[in-house]
Structures are given as structure tokens and as C-alpha cells.
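Just the one chain here, laid out as C-alpha cells, in the form predicted on its own.
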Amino acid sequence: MKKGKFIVIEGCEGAGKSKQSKILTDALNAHGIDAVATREPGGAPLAEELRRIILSPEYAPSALAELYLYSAARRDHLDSVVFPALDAGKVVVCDRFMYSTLAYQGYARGLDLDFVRRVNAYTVAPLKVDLALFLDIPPEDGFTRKGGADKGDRLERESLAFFNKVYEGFTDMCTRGELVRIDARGEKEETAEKIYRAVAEVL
């Protein structure tokens, strides 16, 4: 049984997930809590190689192939990094996790949601997520904040309509109680404070 805590930060492009993951990890360490930041897809050597393949414009995998690529990267990440850190009693802060898979490959790509949830469940077992946060900022505002889409990222080449479906997926997961909504439209310091308060409740 794991000794640490697993915290997930989700959101659409430009929501500030990576920045907030680092801010949270630094804040926890400053308060004497041993915390590490990681990301998906990636976080481990094989998973990072799969990330390169997944996001490369060189390839055009089907929605189902995408799902399995993300799942393979996720399991390698868990086995190589997350489980050992949790067993050591650390707080793991993960930039994206299985909720992104449900939002992108399920809600936006159109794969059956129950099927994606089952694949996710088998992939992450026996992990228990202690808290999953959704940084809520609409896609159009997120892309404006980050200065536009990254043309070297295959997924960011998708249409705004696609990202609106992703956003709707995340908000639906909030309604279902799978994610906790954090209003991320303000300054990064304001968002960081909201995140820390939410995380403190599960530590």
C-alpha cells in the first residue's frame, strides 16, 4: 500500500498546468513535505520516447492507437517513477493523467467513454488518485495566454472545435465529481493559492 499522495493537475492548453505543478511542488518542499513533479505523457525514459512519437506531426495514429500509446507511456511512467516515489512516502504532483485521455480520446475523438474508463482503470491499477484538479480556462483564452498553438505539437494543430470538446469533457468530469474545478483565469499567484488550499485538505 502506498505511503505517499498522488496529486493530478489537468487542464486544456495554456491553462498553466506545468507552471502550477512546479509552483505547488516547490511550495510543498518549502513546507517540509517531500514532493516531486512529473508529467504525462512522459516522466520516464520510455514514456518520454513515446511522448515524442505521440506528439510528432510525422505520425497520424487513429484514436484507438492514440489511446494505447498513451496507456503504454502511462504504465511505464507509473512503474518507473510514480510507484517508487509513493512507496517512499513522497507527494507526487503529475501534470496530466488519465483524465486527459478521457477528455481527448473519449470526449473529443469520440471513443466510447466507458471503454476509455476501463482501459484507464486497468492501466493505472492499483493506483488511487488522492486529488485531481482541473485548471479551468476556456481553450480560446488558453491559447491566447500561451501565444498560440505549438505547430510542432500534433495535437495542438487540432481545431478550436476539438479543444472545445476537450473542455466540455473536463467540465463534465467536474460535474461527475472526478475532478475538482479551480478557476485559473486570474494571475498565477491567485491560482497557485487556490491549488495549495485544495491540496492541503488531502495531506
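Quick note: we count residues from 1 along the sequence shown, nothing fancier. All figures in this text were calculated on a predicted structure; none of them were measured in a lab.
What comes next is about the form predicted in complex with a small molecule, which does not appear here.
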Are all three of 13, 96 and 100 close to the small molecule in the predicted complex, meaning a heavy atom of each within 4.5 Å?
-> yes
Only one of 36, 27, 55, 64 has a non-hydrogen atom within 4.5 angstroms of the small molecule in the predicted complex; which is it?
-> 55
Could you tell me which of 40-48, 27-35, 134-142, 174-182 sits within 4.5 Å of the small molecule in the predicted complex, going by non-hydrogen atoms?
-> 40-48
So in the predicted complex, does residue 77 come within 4.5 Å of the small molecule, heavy atom to heavy atom?
-> no
